[in-house]
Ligand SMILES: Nc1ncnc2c1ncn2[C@@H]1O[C@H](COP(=O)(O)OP(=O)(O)O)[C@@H](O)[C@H]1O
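One chain is shown next in structure tokens, namely the form predicted on its own.
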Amino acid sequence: MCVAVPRVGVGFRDFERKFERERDVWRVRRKDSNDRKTYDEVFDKDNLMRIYKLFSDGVIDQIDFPISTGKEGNVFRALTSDGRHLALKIYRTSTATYKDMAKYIIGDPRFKGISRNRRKLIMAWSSKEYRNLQRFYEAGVRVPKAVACHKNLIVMEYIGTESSPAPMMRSVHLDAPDEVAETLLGYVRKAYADAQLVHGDLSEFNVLMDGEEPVLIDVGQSVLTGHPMAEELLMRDLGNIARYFRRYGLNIDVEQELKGIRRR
């Protein structure tokens, strides 16, 4: 479940004023009005209170810069008090598009009784991604290590260098595509057998390249193998891997891979 530690630390008003100055700097750098509107939505009053809790609990000490912007939320690089980099994912609660969210949560025994109320779904989704990260990681599947979860915020391992976040697989040329493909297929097998999870949206958009090593991200939609959609999503994941690696001349037999996974 999400990390919950008693709140301590500096006053919220001082934090809010300091944080809003930092936000204004980010907004000035982003000239697009939609980007500026996004920052205002992400850093509304409720989210500032939740971020403040992470600060006062000592989970993070500073928010560094934006890493990515999505339809549902944003990811920022953060720093701990001892200078370690982490990633902070903030799901938007006001304008995020969550029309398909319920189908990935309903049917998951970990979230029985979750209503279709928008905010409750978003909080459940955040908790689900956090718990999925833990399951993948414990099974030996390379994902960002989960650190903390509070409401619609997730803190996790930062994947990247001092100067920049790791690129998506779609944005790089793979020097050893056969090895990367086999690693990804190994992740799918291990996730199914050991974590009892199916990623559900595995593609070149949801894989980061940490040097030559692929790292799976965005696991909120991942479902347990007993979920009604698990087989459909597993087939889609394998199909996406096969489609992507065809550009490198690799021929991945999806049906054969599927049979191998089911036999484990």
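What you see is a predicted model, and the numbers here were worked out from it, not measured in a lab. From 1 onward, residues are counted along the sequence shown.
Below: the form predicted in complex with the named molecule, not depicted.
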(message) By the heavy atom within 4.5 Å rule, which residue out of 148, 159, 174, 181 makes contact with the named molecule in the predicted bound form?
(response) 159
(message) Looking at 205 to 213, 53 to 61, 222 to 230, 235 to 243, which stretch has residues with any non-hydrogen atom within 4.5 Å of the named molecule in the predicted bound form?
(response) 205 to 213
(message) Is residue 68 near the named molecule? Define near as a heavy atom within 4.5 Å, in the predicted bound form.
(response) yes
(message) Taking the named molecule as it sits in the predicted bound form, is residue 87 in contact with it (heavy atom to heavy atom, 4.5 Å or less)?
(response) yes
(request) Considering only heavy atoms, tell me if residue 72 and the named molecule come within 4.5 Å of each other in the predicted bound form. (result) yes
(message) I'd like to check something about residue 122: if you look in the predicted bound form, is any of its heavy atoms closer than or equal to 4.5 Å to a heavy atom of the named molecule?
(response) no
